[in-house]
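Only one chain is shown below, in C-alpha cells, and it's the form predicted alone.
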C-alpha cells in the first residue's frame, strides 16, 4: 500500500497548555510607576506644607509619630482579610459542590444561598452580622464573647462564600464532559471522579479568580471602620482627632493608608495576571 492510498484520519487534539507568554508591559511594575506615585503624594501634600505652622510639629513628624499605630492597624486589616477568606473559602467550596449535586433540593438550596449573598451589598451584610449576632454565646455554662472584629470577619466572609461558590461551580463546569465519561468508563464513582480527577484539574483554573477575590476583600476591610472596628481607617481618624483636627494632616495621613493598601494588593494583582497566562488553556 503506497502513501497516497493511506487515509488521513481526523484526530481530536488533547487540551494543551498555552505557551508561556511574555508578561504584558502595561501591567508590569516599572520604575516610573513609583516616581509617579511619589509625585502624586507630594503634589497632594503641597497644601499641608503651605499650612504648616512653625509653632506646631511638621506633618512628617506627626506621621512618623503615628506610623507604628497605623501599621499595627493595617496588620489587623490583613488578619481580618485572611480569616474571612479562609472561612469563606471553606464554606464556599461546600456550597459550590452543592450546586453541582445530583440531589435536586441540595442543588437548588445551594444555588439560592449563593445568589442571595453574591448579590447583596457587602456593607449591608456587615451590618447584618454586627447587629444580629449576639455579643456573647453561652455554651454549657461557658460564656464566649463575640467582639466586633469577629463579627466583622464573619460578615465579610458571607460574600466571599458566595463568590467562592461560583468559582468552584464554574471551575468544575469548565472541564470537558469527556473527563466524567472517561472516569465512568473506568468504573470510578462520582465521588472518586470529583476528588481524584476533576477537582485537581480545577485548582489551577480557580486560583487566579480566588486571588483576585482576596484582593477585593482586603480593600473592603476598611468597611469595618464604619462599625467601630479598630483597623487602620479607624485609627487614622483617631490620630487626626488627637492632633486637634488639623486639616493639613488629612491628605498625608490618608495618602499613607492608600500607599499601604497599594503595596500590599498590587503584587497580588500582578501574580494573578501571571497565573492567568500560565494556566490558560486552548480548547
Partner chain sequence: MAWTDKEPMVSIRDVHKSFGALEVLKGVSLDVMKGEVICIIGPSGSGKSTLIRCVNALNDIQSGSIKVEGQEVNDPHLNKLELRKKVGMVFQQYNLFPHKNALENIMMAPLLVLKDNKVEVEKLARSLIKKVRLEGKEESYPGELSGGQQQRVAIARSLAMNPDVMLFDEVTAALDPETVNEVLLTIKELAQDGMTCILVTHEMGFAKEVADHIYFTDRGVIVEHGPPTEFFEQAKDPRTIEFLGQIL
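None of the values given here were measured: they were computed from a predicted structure. Numbering follows the first chain given and starts at 1.
We do not show the form predicted together with its partner chain, though everything after this point is about it.
*Asks:* Heavy atoms, 4.5 Å, its partner chain in the model of the complex: which of 175-183, 109-117, 75-83, 130-138 makes the cut? Say which one.
*Replies:* Stretch 175-183 is the one.
*Asks:* So, a 4.5 angstroms cut-off on heavy atom distances: do all three of 207, 214 and 218 pass it with respect to its partner chain in the model of the complex?
*Replies:* Zero of three within 4.5 Å in the model of the complex.
*Asks:* Considering non-hydrogen atoms and a 4.5 Å limit, which listed residue (87, 94, 100, 197) is close to its partner chain in the model of the complex?
*Replies:* Looking at the other structure, the residue within range turns out to be 197.
*Asks:* Is residue 188 near its partner chain? Define near as a heavy atom within 4.5 Å, in the model of the complex.
*Replies:* Looking in the model of the complex, residue contacts with its partner chain include residue 188, since a heavy atom lies within 4.5 Å.
*Asks:* Given that its partner chain is not shown alongside this chain, does residue 192 nevertheless sit within 4.5 Å of it in the model of the complex, heavy atom to heavy atom?
*Replies:* Residue 192: yes, in contact with its partner chain in the model of the complex.
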